[in-house]
Structure formats: structure tokens, C-alpha cells
Ligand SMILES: C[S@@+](CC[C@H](N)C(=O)[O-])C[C@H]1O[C@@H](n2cnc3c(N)ncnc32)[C@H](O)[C@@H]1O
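Single chain ahead, written as C-alpha cells, the form predicted alone.
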Amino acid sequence: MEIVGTCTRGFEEYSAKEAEILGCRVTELRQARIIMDGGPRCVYVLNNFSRSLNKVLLLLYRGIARDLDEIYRAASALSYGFIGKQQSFAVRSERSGVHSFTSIDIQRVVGQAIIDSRIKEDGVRLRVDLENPDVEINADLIEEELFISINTTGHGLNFREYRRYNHPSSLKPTLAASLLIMAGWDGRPLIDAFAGGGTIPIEAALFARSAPVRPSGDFMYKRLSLYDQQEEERAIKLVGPKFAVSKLLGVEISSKHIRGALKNAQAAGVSDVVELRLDDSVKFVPERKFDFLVSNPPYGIRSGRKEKVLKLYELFVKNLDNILNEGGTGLMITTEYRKLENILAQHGYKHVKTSVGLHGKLWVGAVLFRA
């Protein structure tokens, strides 16, 4: 079967790398998606352990659709025998590009196609439940490319159960995981100098341990006929810790955010390896330098103080000599990535790569550099 993993736009290659680490073969990268070959094992492993994916989908159809009639024809030609006679279903849709119709129109057309197809196949009229369906079908249109698939995840993996405190400008945990993969972090000492709610060091600890993304284990694949509990248990047991962690430190200037980050770390069960410290990153001098820096500094958009933020970047980069080991790896993500590249270059840091993508509705760049 073909599996689609939805992920952060612009950071697909890092989700692909994580999927390969978890033993799934990636065949193609698309906009905000990775395509994989795999069986039920990959469905179980990706849902339980992928920290950079949003959803894991079983692909039913992929092709070109230019209008609603073509979408209906594609959807109605498929078999939906995997939906039990007593089960309900719903259609969700995401749309990217310019079209003369909406995502709601796609949901309506595909929903009708599923009902018509099943009536034609065996005379069963399936029940629709938009609130709590047994089976969720995704019909996503990216420009003119239509993807019809089964959602095996349910609620997106980007919603972490440990989040007790949400920083007003918090980094999505799936993107935080992508940044750790992009940086090539391997367990050596890591600092986040703008920790906020603690997402980056917490995600680092959980990534290293191969901790379950959703401890409650509430996944939609358990409602599908392909589900095999014993096979799921075997697949999960084979995934062990990735590496040991030396030190994880988060520095944050706000006492309110530090208190929130401490709550998150405790809820995630990583307080033993994640240290969170109240301090000013532009003045902070650690007892020992770090091999990795991964940070999401302020962007200045909410406050309308971009010039002040750029000054902050300047002061922080000047202090990096006190924080990052010679030859160490740094990664910072911001909307002002071009200006950050220039500041880093002016202070002698080697630019390695910048990955540009979407964080919510903001275009951001993750700047990878070496000391």
C-alpha cells in the first residue's frame, strides 16, 4: 500500500529522513507531503513515533482533477468496502491553489460519491457522521492533483498531549522535531536560548527516547479492518531509543513562560533531562559550551518591533562565542532569515543551509550554520 505522511511545507525532506529512520521507504516528496511504500507496520510505527508528521494516510487514489465533476468521477470509481455496514464516515478536505470551488464543495461531492459507490456495490447506504465518524476520508486537492485517502491518525499528531501551557508564539512541535533532524542533533549537549514554552528541548528528549507521540494510543487505524493488535504490539516493541542525551537546556527571559515550560516538561516526563533556566540569552554564559543550538527567537510581528528584534539577533550572535563550541552547529528559525544570515556572516559563522517553509501562515526560514 502507498502511505502519505502530511508534514510542514518546506520541511518535507526532514520528515522523509525521520520516516526512513523508522524503517519506512520514502518514494517521493510533494508539497507538505511525503509518499511512502509500506504495510500496516509503517502505519503503526509512524503514528506512534513520528514526531514531524501531522497525519498518516492510506492512499486510495491520486490523479489530476480540474473541477468538481472530475473529482466526483474519481471518488465514485473507488471501492469503499473497508467501511463496515454499521460504521459511519466523514470527508475532510484541504485545498491549495486557485479554484472556482471551496474545500466544503469537495467534501460534499466526495461524500456523495462514496454513498453512491457503496449503494452501487452492495446496496448499503453508509451513514455520515461529521462529528465523530468511524472512518475519515481525506480528499485533498493540491493545485490540480487530487489525493483521496484514509486517515489512520485521527486528530493530528501536531497536537501534543503534554502541552499544559501554550506560549502565545509557540513553535509547532512537529516543526521543532524537523529542526532537530535538520540540525543533525545526535544527543550531544543542546541549548535553546529562546525556550518559550520549552517545546524544542522537550521534543529533543522525547525524540531521543523514541517516546510515543500520543501516549493515549487513540488512533483511527484501530477502527479499520486492517488493524491487527498483535502486529501493532510487535511493531512498537521493535522501536527503541535513538541515542542517549548528554544535556538539554532551555533559557527563557520571561518567568511566566519558564513556569509554563516547567509544567510542559513535567507532563512530558522529561524533567530529569531537560533543564529550564530563567536568564537573558544575550548575556547568558553557561558553565560549559554546547555542541548544538536550536532556537526559535522572537520575530517581532506581534509587537510590531522588527527593528528591536533585529537588534536582539545582533546582540545574541555576539554572545554566541560564549555559548557554542568551536565547530558546533547552530540553527535558528525566523521570518527575518535573510537578515539573520547577514548578521551571522558578519560575525564569522559559516552558513550551511536555509530551509524556507510555512509555520502557520508565516513564511519562515530555518538557518543552519557552523561556529
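If you're wondering where the values come from, they're calculated on a predicted model, not measured in any experiment. Throughout, we count residues from 1 along the sequence that is shown.
Omitted from view is the form predicted in complex with the named molecule, to which the following refers.
Scanning 163, 289, 118, 223 against the named molecule in the predicted bound form with a 4.5 Å heavy atom cut-off leaves one residue, 163. The contact residue chosen from 269, 187, 84, 298 relative to the named molecule in the predicted bound form is 298, the criterion being a non-hydrogen atom within 4.5 angstroms. Contact between residue 178 and the named molecule in the predicted bound form is not found at the 4.5 Å heavy atom cutoff. Within this chain, residue 58 is remote from the site of the named molecule in the predicted bound form, having no heavy atom within 4.5 Å. With a 4.5 Å cutoff on heavy atoms, residue 229 does not count as touching the named molecule in the predicted bound form; it lies far away.
Within this chain, residue 102 is remote from the site of the named molecule in the predicted bound form, having no heavy atom within 4.5 Å. Only one listed stretch (215-223, 272-280, 123-131, 230-238) carries heavy atoms within 4.5 Å of the named molecule in the predicted bound form, and that stretch is 272-280. Contacts between 249-276 and the named molecule, taken as any heavy atom within 4.5 Å in the predicted bound form, involve 251, 252, 253, 254, 257.
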